[in-house]
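Taking the form predicted on its own, here's one chain by itself in structure tokens.
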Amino acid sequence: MDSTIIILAAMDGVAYAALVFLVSVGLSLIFGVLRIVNVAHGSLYAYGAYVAASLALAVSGISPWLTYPALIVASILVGVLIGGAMEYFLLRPVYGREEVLQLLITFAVFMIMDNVQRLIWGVQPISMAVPLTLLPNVEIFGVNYTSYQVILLPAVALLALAGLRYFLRYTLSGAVILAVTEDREAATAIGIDAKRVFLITFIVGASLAALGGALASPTTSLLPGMGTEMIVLSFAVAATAGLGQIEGTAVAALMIGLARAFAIYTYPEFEVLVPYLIMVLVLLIRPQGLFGVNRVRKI
């Protein structure tokens, strides 16, 4: 394989892995604390992208640099307003009931959000590449690449990983979340408001999915169905790592992102197959995932 192709595939893989990690770690965080597999997580990614593009297009006429805060604002808006409403009005009433009911509700939300998305933004592609063009290209081993994708996206993913680790392990709020994760009844008995913990956790997870979509919006055309592709892939990453494993999600996202990128450059017909092939192989050997543990719940 040509060295240029290897470098391009590696940089594509790292950039894509950063986006997939942000979405997957939100999914994994929600599952780790709430024990809910949120099928609508991909819709939060898509809404993050569409809202970010809409806000960025609105402010780009004032100053192109305002498009960067627009990406952050969009992810927070989607996480707080949509994620918060989803947890409070739809999921909270079914906590403690059959898991299949929770799964069906999130699937119904996914279908509703997908149709509402088409009503609001239509079915034509939407492009908003302003943030991408503001940063210069960088040359890595003789290959030019956008610094937005090869530097900014991985940096944001690493910051998210480090921030989550610090928050969960070294802050009082993180300790409260871990306590609810380990034993909800015992945590409630000592005065911890488990419902509030669930709401905050869901908003954080939803905001991470929306952030992934917001950061992806300058790099691709926004189309209906983009949430479906991402939720399936993020499930593959989270299952490969082991649901609830934050650090493992980063490793699995990088592994699957690189494998997918090399497949695109070498055997593009295997682009879709490779991530799920990795997931199946891992689950056959370790049903709990690469970093999952039996019986001990960990986030």
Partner chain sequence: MSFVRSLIAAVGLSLAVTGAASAQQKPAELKIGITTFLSGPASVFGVPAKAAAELLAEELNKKGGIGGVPVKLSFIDEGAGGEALVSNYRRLVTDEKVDVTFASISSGSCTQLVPLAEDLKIMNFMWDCGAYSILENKKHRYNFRTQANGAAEMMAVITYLLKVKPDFKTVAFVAQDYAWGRESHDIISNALKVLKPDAKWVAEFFPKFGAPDYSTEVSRLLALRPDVVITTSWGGDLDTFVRQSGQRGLLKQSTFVLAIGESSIQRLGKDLPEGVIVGARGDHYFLHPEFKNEPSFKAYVQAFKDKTGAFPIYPAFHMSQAFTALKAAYDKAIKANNGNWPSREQVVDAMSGLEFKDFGRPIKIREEDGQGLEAQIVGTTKQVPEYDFKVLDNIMVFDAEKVATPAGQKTIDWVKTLKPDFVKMEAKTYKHGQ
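Throughout, rigid core stands for the largest set of C-alpha atoms superposing within 1.5 Å between the two forms. For clarity, every value in this text was computed on a predicted model and none was experimentally measured. Numbering follows the first chain given and starts at 1.
This next part talks about the form predicted in complex with its partner chain, which is not shown.
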Handout entry: Contact flag, residue 123 vs its partner chain in the predicted bound form, heavy atom cut 4.5 Å
Key = yes
Practice task
Verify the contact flag for residue 272: yes if a non-hydrogen atom of it lies within 4.5 Å of a non-hydrogen atom of its partner chain in the predicted bound form, no if not.
Solution key: yes
Problem - Contact test in the predicted bound form: residue 265 vs its partner chain, heavy atoms, 4.5 Å - result: yes
Handout entry: is_contact(residue 73, its partner chain) in the predicted bound form, heavy atom dist at most 4.5 Å
Key = no
Handout entry: Residue stretch of 89-97, 216-224, 201-209, 163-171 approaching its partner chain in the predicted bound form, non-hydrogen atom distance within 4.5 Å
Key = 216-224
Problem - Candidate spot 41, 103 and 234, all three touching its partner chain in the predicted bound form (heavy atom, 4.5 Å) - result: no
Exercise for the section: Enumerate the residues of 5-33 that have a non-hydrogen atom within 4.5 Å of its partner chain in the predicted bound form, in sequence order, or give none. Expected result: 5, 8, 12, 16
Handout entry: Residue shift check between this form and the one not shown, rigid core fit, residue 61 Cα at least 2 Å
Key = no
Practice task
Determine, after fitting the two forms on their core, whether residue 265 shows a C-alpha shift of 2 Å or more between this form and the one not shown.
Solution key: yes
Problem - Rigid core fit then residue 279 CA moved by 2 Å or more between this form and the one not shown - result: no
